[in-house]
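Take a look at this single chain, the form predicted alone, given in structure tokens.
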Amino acid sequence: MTDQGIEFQLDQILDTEGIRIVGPVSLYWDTPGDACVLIGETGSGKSLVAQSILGLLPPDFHADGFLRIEGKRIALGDVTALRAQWSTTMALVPQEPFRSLDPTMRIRRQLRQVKGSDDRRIDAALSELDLSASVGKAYPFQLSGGMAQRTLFATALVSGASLIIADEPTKGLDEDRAAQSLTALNRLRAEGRSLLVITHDLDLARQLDGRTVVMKAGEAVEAGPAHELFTSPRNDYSRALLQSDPANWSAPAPRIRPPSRTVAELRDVSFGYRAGGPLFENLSFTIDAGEVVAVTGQSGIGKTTLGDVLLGLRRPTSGTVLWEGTAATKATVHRLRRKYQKLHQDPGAVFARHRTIGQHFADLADILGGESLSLRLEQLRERMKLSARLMERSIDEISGGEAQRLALMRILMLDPMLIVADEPSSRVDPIVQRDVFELLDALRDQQEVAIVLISHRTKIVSSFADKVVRLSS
């Protein structure tokens, strides 16, 4: 390793009971511009690895090991020294944009606070990520999920850090936007910035073509150059992970569905904000019991908003939304709310940070009854492959993929008639992604649950949807 190289040695991450959660994991970047990519199962500790480098582990966790960067050897237990490297030698592109951006501050002002930034670098970063200058004047809540994700990426572009840590940098982005993120990552490498990328996007890992590390149950089970690992994986789990990529899913069998009742319908529905033009106009389609309707289109085109209109969370500018043939008025929505549910793109939107996951599920006791609650909770938890220990933790102490599966569990306990699933697999690894879609597939076949799938993934849409609604500008 050269003097300019970076070395990271994580011996272990321990919880308050002294139980090892993650480790050992060894990463290194021999020369400036090298890339290291972590892939693997949801909840395997990939994000905890990044947090240990940055000194951002939850208070109940402790890391042993060291980071050597720019000639400094820093113990992972020295949180103050690690945090002193922020923006100067290390920068983070976090996984959850709306938890990371200040909701009270305009975007350009937030970018100006990054060390090493100036207006020229900010304008160049926004342009490279296809974000208009007007984004700089916006507040985070005025951005779509995809726009907020690209805004976070802009913070890394304007910084002068030598190590950029990107946690799921393509999550929630359409294929064109994901390609822009890849271009931006490669530009950083060309500038001599080293990358640590954590991703479930196997195509991104393959194209970065750096050193790839596969993680399972808190350990690195295989590592090597991407072109070797993706071609000839040695570990059984690595092979299963790569095979579960949606690109390898088999073509769906033709579905013959008998006539069914319509659970929701849009008639000439339009929606727009006062400050701009319409997001979509004169949309009409039906959703039958057991049917999957996919909504696709570019990031920021209005897919999530359409889902909110369908669920009565936003009022259309014009047109009518019907639930079971009845206009979705305030009274109708109140009466049927339990049957019309949303699986949010950001699970942080449904779990309060100051409460444990178990407390959230206990809230359902008044609806389901105590005995029914316990039995169904155990059945769904096992089906989702989730540990019972997660019930004792808050949303900040679990992975994004675990949070997404827990959010789906809570919806399924209510026996929904329709689920609007907003990028339901964006936070889970390919194996769990396949399991989630198999579960949704069983729901539509066995319980005739209707699903509105909001997704950018062409392969997933073509494999799963009965019909497709494409939004365009």
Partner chain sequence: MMRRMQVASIAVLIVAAGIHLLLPGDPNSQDLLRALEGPSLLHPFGFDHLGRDVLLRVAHAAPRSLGLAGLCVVFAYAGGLALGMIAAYRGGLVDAVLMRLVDLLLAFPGILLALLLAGFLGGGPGPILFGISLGLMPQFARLSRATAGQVLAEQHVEAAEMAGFRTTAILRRHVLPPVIHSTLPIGVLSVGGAILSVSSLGFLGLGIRPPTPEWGAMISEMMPYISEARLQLAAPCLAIFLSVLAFAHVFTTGRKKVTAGRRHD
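Numbering follows the first chain given and starts at 1. Given the structure is predicted, the values throughout are model-derived calculations rather than measurements.
A second form of this protein, the form predicted together with its partner chain, is not displayed here; the remarks below concern that form.
Enquirer: So which of K171, H344, R193, K216 reaches within 4.5 angstroms of its partner chain in the predicted bound form, heavy atom to heavy atom?
Expert: Contact check passes for H344.
Enquirer: From the list L241, I301, V292, L311, which entry has a heavy atom within 4.5 Å of its partner chain in the predicted bound form?
Expert: Of the listed residues, the single hit is L311.
Enquirer: F280: heavy atom within 4.5 Å of its partner chain in the predicted bound form?
Expert: Result no; F280 lies far from its partner chain in the predicted bound form.
Enquirer: Evaluate E392 for contact with its partner chain in the predicted bound form, applying a 4.5 angstroms cut-off between non-hydrogen atoms, and reply yes or no.
Expert: No - in the predicted bound form, heavy atoms of E392 and its partner chain never come within 4.5 Å of each other.
Enquirer: Using 4.5 Å between non-hydrogen atoms, is F271 touching its partner chain in the predicted bound form?
Expert: Contact check for F271: no, nothing within 4.5 Å of its partner chain in the predicted bound form.
Enquirer: Classify R355 as contacting or not contacting its partner chain in the predicted bound form by the rule of any non-hydrogen atom within 4.5 angstroms, answering yes or no.
Expert: Heavy-atom contact with its partner chain at 4.5 Å: present for R355.
Enquirer: Given that the partner is absent here, state which listed stretch (292 to 300, 183 to 191, 232 to 240, 336 to 344) has heavy atoms within 4.5 Å of its partner chain in the predicted bound form.
Expert: Only one stretch passes the 4.5 Å heavy-atom test: 336 to 344.
Enquirer: Using a 4.5 Å cut-off on heavy atoms, which residues of 345 to 366 contact its partner chain in the predicted bound form?
Expert: If the 4.5 Å heavy-atom criterion is applied to its partner chain in the predicted bound form, 345 to 366 yields D346, A349, V350, F351, A352, R353, H354, R355, H360, D363, L364, D366.
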